[in-house]
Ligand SMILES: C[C@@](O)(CCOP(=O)(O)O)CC(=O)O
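To begin, one chain is listed below as structure tokens, in the form predicted alone.
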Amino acid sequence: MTRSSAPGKVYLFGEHAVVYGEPAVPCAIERRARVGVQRRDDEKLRVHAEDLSLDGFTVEYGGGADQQPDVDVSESLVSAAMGYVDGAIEQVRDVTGEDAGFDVTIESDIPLGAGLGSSAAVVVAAIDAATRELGVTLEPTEIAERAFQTEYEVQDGQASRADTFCSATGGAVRVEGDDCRSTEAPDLPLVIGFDGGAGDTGELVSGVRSLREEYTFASDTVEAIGDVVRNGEDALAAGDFEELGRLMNFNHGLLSALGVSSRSLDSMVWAARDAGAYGAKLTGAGGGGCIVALDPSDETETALSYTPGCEETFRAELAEEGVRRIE
């Protein structure tokens, strides 16, 4: 069996706006998805997945995302998770020219649909492991591009390159349209709060699109997020945590105006700010899931642990390495 892992991510700035060509800055974090792949004697695909939600669930199926498992998790999330694996294997077959079948095992520390890039990490790790199982080794940038194509298909053309590039290469990343590049970042004191839920990425992205098409001020809000990102890049380069936090707060307010926050996310954001964090915001698509705060002390973690609706809180280190080969 060939095994690979890939990290999750948080957005310092720019989610949703990145879909419309505005810049974004995601950072890889040391919460990983690990994928093991073994070639089969036939062309079938069988997937065994664990820990894709806070409580964990198992999915086993043989080929085709139309075979629904009986699990107590959102059907749309499970269908998407299976679709990502199917899409990753199609990319592997395309690049190797072999219609191989695989047994795929997935383990993950990243909650599914929580805004921490679980799907990108699974797809990146799956493509790397499966291509190597067939004797082909891809560079991280090609893995990122093929993983993006997978997400693009599953998300009906509403994906950006940010998540998959960040997961494949690690570190902090600057994304604007098709331009993806690594960027320098200090050792960021990141604290994550998770409400135990998950937003429907496709539905949330579609909602922002509808607002943007209907209201000029919503389109202006998306552009304003891009302006926040550009200022945030300067603060990141300078290691100015106070300014980074201030801009994160601004970014959260703009995302709230676009309707992608939630009561639980807002509660966690305000708990972090009240505890003295430099700043806090939702991360990812929103609607539920995670917030990220900037705080070198223990105060935010403590405050979040007592915040109603916060199911888990943890400190996250920047993952300097992206896709990793597991021996």
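What you see is a predicted model; the values in this text were computed from it and never measured. Throughout, we count residues from 1 along the sequence that is shown.
We do not show the form predicted in complex with the named molecule, though everything after this point is about it.
The closest non-hydrogen atom of residue 310 lies beyond 4.5 Å of the named molecule in the predicted complex.
Taking the partner from elsewhere, residue 193 is found to have every heavy atom lying beyond 4.5 Å of the named molecule in the predicted complex. Residue contact with the named molecule in the predicted complex: residue 247 places no heavy atom within 4.5 Å of it. Remark: residue 150 does not count among the residues lining the named molecule in the predicted complex, judged by a heavy atom distance of 4.5 Å or less. With the partner omitted here, the stretch from 114-122, 139-147, 176-184, 89-97 that lies within 4.5 Å of the named molecule by heavy atoms in the predicted complex is 114-122. This chain lacks the partner; the member of 159, 228, 130, 236 within 4.5 angstroms of the named molecule in the predicted complex by a non-hydrogen atom is 159. Remark: none of the three candidate residues (22, 224 and 258) comes within 4.5 Å of the named molecule in the predicted complex, counting heavy atoms only. Taking the named molecule as positioned in the predicted complex, the residues of 1-15 that bring a heavy atom within 4.5 Å of it are, in sequence order, 9, 11, 15.
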